[in-house]
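First, one chain by itself: the form predicted alone, in structure tokens.
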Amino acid sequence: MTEGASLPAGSPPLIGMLGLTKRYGNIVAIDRLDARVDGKIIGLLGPNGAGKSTLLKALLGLIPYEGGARVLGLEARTHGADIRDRVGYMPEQEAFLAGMSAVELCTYAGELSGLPRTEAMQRAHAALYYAGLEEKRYQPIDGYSTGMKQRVKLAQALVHDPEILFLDEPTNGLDPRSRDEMLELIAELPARRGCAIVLSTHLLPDVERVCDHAVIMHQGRVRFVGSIDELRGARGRDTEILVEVKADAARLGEVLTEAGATCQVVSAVTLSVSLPETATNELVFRRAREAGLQIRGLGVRRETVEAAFLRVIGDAPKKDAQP
């Protein structure tokens, strides 16, 4: 994309990419990415080396690239500073100055974003309070645990009240309790702080727990962009549903097949059903009632995020679905 080219028409997405490419010598780290990305909490997924961290740096205008990359409608190549004023970044690696306390670091981050010192300090205290570090904020970060250091990184990313947060592996290295606490903080951010989140991670359970949209990268390319429901297979009327009956799932399969559905008996009491294009779930209830069968449950048959991820990157999992 040339300097003056534009992304596809329509309202600007949170993130837009058109032919985005980053090379390090002969190595192509990200390769011709085309995507429009929206959502409240967006999981940026991929194996180590997929290009996730490189993509975040390009979107922040921190590294040169080819093609187009826009955040909040701004081209990162030419408006990187403006983007960084509106985006908070929590890096994967530690980025602390020796001897600094948490409040000093967050105040410094606020000043770097252009805030006056007094306001930066006020916001530093507020961000550290939100991150659960109010009692430790005057202690040197050098002595913090891994979980506390991750919270400081989150607080410094929040200090200038950003519209989007880029979180790079925020739960990496945390024990189960600290990981749960970090995910709870992340899940609350869109409602409490009014910001969208891009959560870069290789931990698929984290995405399944807090994200509503996903971008999957593999070998420097984007393989999927969309909602978590779309990723897992909940796409509308063509969706496969699981029907649980009191008894005789095979009989229900027969009557639904007569009505044009495609059915597979999973067990004596469970039936997998793909309805005709114009049908709704009401067909299942009506046919069951006519056949004298009792339905006990009905739900969408969807892959786990892990199974869907492996399918998308081409490493097909064993059949693994859940209602």
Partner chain sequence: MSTTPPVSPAGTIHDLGYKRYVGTRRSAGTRWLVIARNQISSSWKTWWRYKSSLALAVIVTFIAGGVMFILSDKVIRDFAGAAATTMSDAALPKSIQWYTRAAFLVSLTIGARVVAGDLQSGAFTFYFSRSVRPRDYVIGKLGGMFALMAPINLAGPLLLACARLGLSQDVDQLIGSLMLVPKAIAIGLLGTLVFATVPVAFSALIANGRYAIALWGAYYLVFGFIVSMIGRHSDSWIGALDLATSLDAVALQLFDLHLFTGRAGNLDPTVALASILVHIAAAIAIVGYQVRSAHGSGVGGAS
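What you are looking at is a predicted structure, and each value in this text was computed from that prediction instead of being measured. Residue numbers count along the first chain shown, from 1.
Not pictured, yet referred to below: the form predicted in complex with its partner chain.
In plain terms, the part of the chain that comes close to its partner chain in the model of the complex, with a heavy atom within 4.5 Å, is 103-111 out of 241-249, 103-111, 225-233, 206-214.
Residue contact check for Gly51: one or more of its heavy atoms lie within 4.5 Å of its partner chain in the model of the complex. Heavy atoms of Asp168 reach within 4.5 Å of its partner chain in the model of the complex, making it an interface residue. Among heavy atoms of Tyr144, none comes within 4.5 Å of its partner chain in the model of the complex. Remark: Arg193 counts among the residues lining its partner chain in the model of the complex, judged by a heavy atom distance of 4.5 Å or less. This chain appears without its partner; in the model of the complex, the one residue of Ala261, Leu298, Val265, Leu60 with a heavy atom within 4.5 Å of its partner chain is Leu60. Contacts to its partner chain in the model of the complex (heavy atom within 4.5 Å) from stretch 111-126: Glu111, Leu112, Ser113, Gly114, Leu115, Pro116, Arg117, Glu119, Arg123.
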